[in-house]
Ligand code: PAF
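One chain comes next, on its own, written as structure tokens: the form predicted on its own.
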Amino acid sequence: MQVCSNNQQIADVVSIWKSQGKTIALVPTMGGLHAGHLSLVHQAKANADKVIVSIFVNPTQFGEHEDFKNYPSTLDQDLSELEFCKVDAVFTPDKEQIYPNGLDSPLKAGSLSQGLCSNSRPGHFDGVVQVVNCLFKITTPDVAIFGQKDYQQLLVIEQMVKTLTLPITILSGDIVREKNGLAMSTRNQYLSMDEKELATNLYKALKGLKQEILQGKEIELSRLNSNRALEQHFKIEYLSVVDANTLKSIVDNTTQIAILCSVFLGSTRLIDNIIFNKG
């Protein structure tokens, strides 16, 4: 496994692979790797000849009062995990490699970035598309893998690739959950043992809401009931039921539904979702 810390190093590695006719998959991460990330690595290995995992905590997607400075850093452990998974290269750039001309960028996220997470995190998705586009330019992958847990982010990146006509296939990896149903996240380590137990109520509520929708119950009433149930344990940013392709209100021709939520448990922000076909 090659570990590259600057743009030229990874570009040279990619150049050799491409001269050999190899296809390349990129798995962008911010480190703090867990089984969810590693599932994306396995998916990447199944869809390309060579796999690059990037580890970069991107400053442009953090808000003023968010945890950028304290974001978990476990590089040695991450590298050990990735070597065990037989990743071909790890890209570990610093800010100067990704943003040599400064943090400002004219690239902005498209219409799918509006609402939901962006209501409480203005500019977040602009930062996401900026860093992902930079990583794409540096590593020039054929395929890139992103997790479904960050569902709005996934759609925003797909929209960016389409808008910029980038020759990259975007694949989605399923949410990986703890045994108690909690969606795996690097930020879960912020939770106390008691909070982890309470956090199981989030996925239970989403599953219950999905079941009511499939039973034909009135969506908004079911959503409000689930929202009230969640308020017993969480501070709710949003609980939304939308068209999974447009992130807008469900209409007659909606074929796939997304239940999306963001909540706080103590000071820890948790996001989760369920995507399913309309009954």
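The model shown is predicted, which means the values in this text are computed figures rather than measured ones. All residue numbers are counted from 1 along the displayed sequence.
Another form, the form predicted in complex with the ligand, is not on view; read the next lines as being about it.
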Contact segment among 247 to 255, 28 to 36, 207 to 215, 224 to 232, judged by heavy atoms lying within 4.5 Å of the ligand in the model of the complex: 28 to 36
Please state whether every one of the three residues V128, V131 and Q153 places a non-hydrogen atom within 4.5 angstroms of the ligand in the model of the complex. yes
4.5 Å heavy atom contact, S240 to the ligand in the model of the complex: no
4.5 angstroms heavy atom contact with the ligand in the model of the complex for F146: yes
Considering only heavy atoms, tell me if Q43 and the ligand come within 4.5 Å of each other in the model of the complex. no
